[in-house]
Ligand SMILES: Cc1cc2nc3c(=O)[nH]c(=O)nc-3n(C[C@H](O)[C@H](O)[C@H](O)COP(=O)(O)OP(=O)(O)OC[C@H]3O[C@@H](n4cnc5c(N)ncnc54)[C@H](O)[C@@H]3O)c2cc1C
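A single chain comes next, written as structure tokens; it is the form predicted on its own.
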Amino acid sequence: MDVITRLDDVLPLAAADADATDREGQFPQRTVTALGESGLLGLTLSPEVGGLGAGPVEFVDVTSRLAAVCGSSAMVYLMHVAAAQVVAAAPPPGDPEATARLASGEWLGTLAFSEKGSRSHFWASTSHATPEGDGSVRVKASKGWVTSAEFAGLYVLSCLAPDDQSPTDTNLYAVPTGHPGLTVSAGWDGLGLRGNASSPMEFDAVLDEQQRLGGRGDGFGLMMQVVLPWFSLGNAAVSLGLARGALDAAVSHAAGTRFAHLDSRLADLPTIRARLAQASIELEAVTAYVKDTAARVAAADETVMLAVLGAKAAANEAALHVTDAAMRVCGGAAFSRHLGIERAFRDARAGYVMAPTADVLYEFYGRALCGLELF
């Protein structure tokens, strides 16, 4: 069964629940369950652990198709894949079955990186791992924006290593749900992506070396080499899907809506056609950029980091422009929500402010262009 065929049972559920997911801020559990049953939660993991063995190109395709019908579901999905990839890259010694559990859908994975003290600089933890004297550490951390917070089965938690020397001297730990000391501290109520349960969490947990991903202080490298490429590609794919869904809805509305007194369609107005054309051209260009970046990630291209930084920023910008154009083309019909464009318009705003934010990406990209160190 090919990857897209596996989506056949997922997309109708995601589309059917999308309005309620947004309106009520409910977690898209039916969609997540269907993703697990389809095998797509293991899309990018090795067949040796029960995954499908696909790569970044397929990941972008699946995520963008999912986002076109439900942005919240797509965000939950990309966070799971980002968590699964880093666990697969450096499995916790104490749980050799962790990657298989993520592949099968037994566990939904997520990242617990962002903190108030370092804000959108997700790679710079301010929480510490304090030695307990028996080889274990106690981690006290207030994490914000933990997608799937009360629904995840495994959290990839970041903190500063004991005796850290710099803000990037980081450890990552695999922490399963039910581990003592994990608390969802508030609910999630956002402008967009209202169903992705990006709630703040408190961690006051004793962890041991068997739960650590990689060696002491390896967390920053794993963040940059694994999490950043996969998360950025996934975030870009969500932006592309949101833009595509909004544009398709706008084109359909413009082609099918008539002025009875003029016996003409909305699409008969040159200004409407021009606005749709501009949006479509921008979306096609950025889609090609993101797909090329995914192919370069798959090929481990030496220059891929610059493309990864640019892909997220470009896709986030395109989603802002395209969903805005769709709103303007459809006017009151979009404003009144029944086309689904207004939801995509709000969801698209999240990508721009999601760490690393577009402004941070432009700074990184500019530094890289000028031959400067990123950090």
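All of these numbers come straight from a predicted model, not from anything done at the bench. Each residue number is its position in the shown sequence, starting from 1.
Only in words, not in the display: the form predicted in complex with the ligand, which the text now covers.
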Considering F151, F220, Y289, W188, which brings a non-hydrogen atom within 4.5 Å of the ligand in the predicted bound form? W188
By the heavy atom within 4.5 Å rule, which residue out of A294, L213, L160, V146 makes contact with the ligand in the predicted bound form? V146
Could you tell me which of 245-253, 85-93, 105-113, 162-170 sits within 4.5 Å of the ligand in the predicted bound form, going by non-hydrogen atoms? 105-113
Report yes if any heavy atom of L13 sits within 4.5 Å of a heavy atom of the ligand in the predicted bound form; otherwise report no. no
Partner contact for A279 in the predicted bound form: the ligand, 4.5 angstroms, heavy atom: no
Tell me, yes or no, whether M79 is in contact with the ligand in the predicted bound form, where a contact means a heavy atom of each within 4.5 Å. yes
Wondering, does R119 line up within 4.5 Å of the ligand in the predicted bound form on heavy atoms? yes
Only counting heavy atoms and a 4.5 Å limit, does any residue of 177-196 reach the ligand in the predicted bound form, and if so which ones? W188, L193, N196
